[in-house]
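We begin with a single chain expressed as C-alpha cells, specifically the form predicted on its own.
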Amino acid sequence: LVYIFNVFFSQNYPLYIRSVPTQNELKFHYTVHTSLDVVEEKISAVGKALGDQRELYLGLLYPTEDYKVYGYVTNSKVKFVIVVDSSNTSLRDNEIRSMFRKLHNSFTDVMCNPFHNPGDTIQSKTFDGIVSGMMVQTA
C-alpha cells in the first residue's frame, strides 16, 4: 500500500502531495520531509563520485518497522518520494523503480503543457489519475 506520494521542486517545496487518509497522516508528512535530507546526501555523494552521470532512482531512503520511504530525483533536481507499507513483500525494488519511471514520464507531460508554469503546484487530472491508480494497484 502506498501511503503518501510527494513531488518536490529543486528548492524542496512541494509541487504535489497525495496521501491515503489515515490517523498517522501527519507522521507520514514528517517522515517524507525528513527523508529529503537523505535525498540531498545521496545526490551530493553521487554527484561527487560520477560527475553528471547518475542513476535517477535513489532506492530505499528511510526504512522503519511499519513502512519504507523510497526516492527518485530528476535531472532538474525535482524529487519524488513515496512511503509504502513494509509488510507488502510482493512489492520489489524493480517495481518501485518502474513506478517512479511512469510517474516521471507523467510529470514530464505535465511540464510540457504550455499552460503550466514551472514551479506551480501540479493540478493535472491525468497526473492525479496515474498516482491514484498506483496507490490502488499496490494495495
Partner chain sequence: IHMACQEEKPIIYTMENKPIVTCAGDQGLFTSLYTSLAQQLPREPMEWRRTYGRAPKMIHLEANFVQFKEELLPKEGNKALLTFPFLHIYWTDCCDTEMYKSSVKEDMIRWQNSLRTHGSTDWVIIVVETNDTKKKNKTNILPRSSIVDKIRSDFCNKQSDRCVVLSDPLKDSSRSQESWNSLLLKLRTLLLMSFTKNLGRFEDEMRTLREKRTQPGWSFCEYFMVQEELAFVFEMLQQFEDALVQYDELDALFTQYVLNFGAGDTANWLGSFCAPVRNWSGLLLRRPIDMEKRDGIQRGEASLLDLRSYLFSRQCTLLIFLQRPWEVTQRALELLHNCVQELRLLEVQVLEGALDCWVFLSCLEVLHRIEGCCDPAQLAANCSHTVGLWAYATDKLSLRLLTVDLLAGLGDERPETVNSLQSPYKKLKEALSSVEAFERHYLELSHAAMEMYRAIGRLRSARLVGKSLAEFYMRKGDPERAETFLQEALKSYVSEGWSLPVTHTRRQIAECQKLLDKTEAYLQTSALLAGDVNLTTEERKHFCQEILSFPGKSGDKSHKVTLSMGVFAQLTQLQFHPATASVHSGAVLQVELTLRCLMPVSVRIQQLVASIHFDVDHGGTHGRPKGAQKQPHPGTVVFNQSNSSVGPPSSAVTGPSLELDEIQDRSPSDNSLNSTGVICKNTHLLMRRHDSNSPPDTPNCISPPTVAIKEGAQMLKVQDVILEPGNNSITFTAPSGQPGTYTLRQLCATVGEVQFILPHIYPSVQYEVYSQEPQLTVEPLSEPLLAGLPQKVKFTLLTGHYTVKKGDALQLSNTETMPILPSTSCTAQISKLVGESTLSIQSSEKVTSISLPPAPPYHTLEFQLEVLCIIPSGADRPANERLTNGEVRHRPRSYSHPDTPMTAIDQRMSIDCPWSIYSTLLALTFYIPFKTKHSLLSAGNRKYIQVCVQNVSDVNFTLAEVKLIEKQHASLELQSLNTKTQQLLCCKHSVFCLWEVRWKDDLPSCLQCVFSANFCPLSQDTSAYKPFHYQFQLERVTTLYSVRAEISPPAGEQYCRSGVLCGLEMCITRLTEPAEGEIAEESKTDTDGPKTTKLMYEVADSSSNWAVCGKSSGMVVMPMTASATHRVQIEVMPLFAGHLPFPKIKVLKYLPHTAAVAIQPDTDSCVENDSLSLLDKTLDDQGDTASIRSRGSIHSVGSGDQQQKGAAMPRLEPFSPGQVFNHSHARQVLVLPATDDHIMEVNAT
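Rigid core here is just the name for the largest C-alpha set that superposes within 1.5 Å across the two forms. Numbering follows the first chain given and starts at 1. Just so it is clear, the model here is predicted, and its values are computed rather than measured.
Absent from the display: the form predicted in complex with the partner chain. The rest refers to it.
Exactly one listed residue, out of Glu95, Glu41, Asp109, Glu55, brings a non-hydrogen atom to within 4.5 Å of the partner chain in the predicted complex: Glu41. Taking non-hydrogen atoms only, His29 approaches the partner chain to within 4.5 angstroms in the predicted complex. At the 4.5 Å threshold, heavy atoms of Ser76 stay clear of the partner chain in the predicted complex, well away from it.
Within this chain, Leu103 is remote from the site of the partner chain in the predicted complex, having no heavy atom within 4.5 Å. Residue contact with the partner chain in the predicted complex: Gln11 places a heavy atom within 4.5 Å of it. Although the partner chain is omitted here, in the predicted complex all of Ile17, Leu36 and Thr121 have a heavy atom within 4.5 Å of it.
In a rigid-core overlay of the protein, Ser124 has its C-alpha displaced by under 2 Å between this form and the one not shown.
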